[in-house]
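One chain comes next, on its own, written as structure tokens: the form predicted alone.
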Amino acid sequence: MKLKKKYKSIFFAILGLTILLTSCNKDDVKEVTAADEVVGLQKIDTLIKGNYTFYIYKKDTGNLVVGYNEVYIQLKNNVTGKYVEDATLSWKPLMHMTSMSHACPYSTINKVADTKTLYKGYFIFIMASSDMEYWEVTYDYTSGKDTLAEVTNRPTVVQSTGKIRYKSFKGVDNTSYFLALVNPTSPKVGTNDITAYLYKKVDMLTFSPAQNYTVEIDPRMPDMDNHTSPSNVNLTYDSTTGLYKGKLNLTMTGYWKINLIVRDASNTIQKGDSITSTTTASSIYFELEF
């Protein structure tokens, strides 16, 4: 009898502990909200059309810039007050000039991994806005064949005031190329992952990724006798991401010029120069300073 009471006591003790732990676990799990998913991002625009609001974000503050821009979007249904978790979003940039119009390289819009309400893509703007010539971006939200919201705005695009992270050039094949540095954004002493996008112009409205090229890098410190660094790895094409990826070794803090040579798939140099005793910089380069 005593043994039976003992087991009964143990059973209820375990049951009580299980209930307590379950209750604690429920209290400890915090629901991730739409506001949580944009922590660390800066809102740069709010666009309202019909029953929907597009919220546009970047990681940094200020305007969109010439070169690479990573852009994030949340879409809110103004009727229900809820953010759309299964949106099919697209966009189209167009520069209206005084005598013609043209587009720029840009990505599709995809859901950010491990989020419910956040989407992202990128633009590579190839020129700045002005009072007379301006960019126009059309954002679309569709479901099946139906367009549920379509809104157009005129964002301000400015020349970057920092170091050079974007280069456009005409190759020896007479094709226009557009090379935009993505990372590093915060370089450090030692080995850095370096990534970039390379596009070529097909026509005024079409830009396609330049695939299977090589972007050679030769980092130099012009203020320090133009010395270089060891163990750099040239950028090669990653077909999964569309990025060019390599390794950049920065041996000390200061100003670095990342000299570039772009070779096509047949190893022909489309643009760039090797550094020699008489050629101290390539005709195309990026800049970093930290």
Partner chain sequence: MIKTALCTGCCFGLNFLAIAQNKADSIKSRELKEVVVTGKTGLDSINESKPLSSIDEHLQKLSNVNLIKRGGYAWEPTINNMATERISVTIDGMKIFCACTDRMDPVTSYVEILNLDNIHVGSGLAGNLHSTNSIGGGLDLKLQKAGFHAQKLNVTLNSAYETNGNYRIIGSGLAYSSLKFYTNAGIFYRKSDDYKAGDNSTVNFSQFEKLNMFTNFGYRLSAQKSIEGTVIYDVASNVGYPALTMDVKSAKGLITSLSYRQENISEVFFNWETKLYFNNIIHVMDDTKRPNVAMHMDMPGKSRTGGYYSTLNGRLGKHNFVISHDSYYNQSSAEMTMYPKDAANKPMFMYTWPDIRTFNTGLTLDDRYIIDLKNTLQLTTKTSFQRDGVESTFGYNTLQMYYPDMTQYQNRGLWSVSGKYTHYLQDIQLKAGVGYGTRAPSPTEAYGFYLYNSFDNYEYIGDPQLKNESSVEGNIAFALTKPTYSISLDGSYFYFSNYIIGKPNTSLSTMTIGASGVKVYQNLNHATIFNANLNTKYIFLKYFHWLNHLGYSQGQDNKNNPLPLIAPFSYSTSLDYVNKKFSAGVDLQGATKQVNYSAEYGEDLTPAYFIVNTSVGYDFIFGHVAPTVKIGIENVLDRKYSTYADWNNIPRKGRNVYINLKINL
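What you see is a predicted model, and the numbers here were worked out from it, not measured in a lab. Numbering follows the first chain given and starts at 1.
From this point on, the text means the form predicted together with its partner chain, which you will not see here.
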* Heavy atom of each of 188, 226 and 253 within 4.5 Å of its partner chain in the model of the complex -> yes
* Does its partner chain come within 4.5 Å of any heavy atom of residue 249 in the model of the complex? -> yes
* Is residue 65 close to its partner chain in the model of the complex, meaning a heavy atom pair under 4.5 Å apart or at it? -> no
* Using 4.5 Å between non-hydrogen atoms, is residue 230 touching its partner chain in the model of the complex? -> yes
* Asked: Might residue 44 be said to contact its partner chain in the model of the complex, defining contact as any heavy atom within 4.5 Å?
  -> no
* 56, 221, 38, 243 - the one with a heavy atom within 4.5 Å of its partner chain in the model of the complex -> 221
* Proximity to its partner chain in the model of the complex (heavy atom, within 4.5 Å), stretch among 65-73, 254-262, 48-56, 235-243 -> 254-262
* Asked: Taking its partner chain in the model of the complex, which residues along 258-290 bring a heavy atom to within 4.5 Å of it?
  -> 289, 290
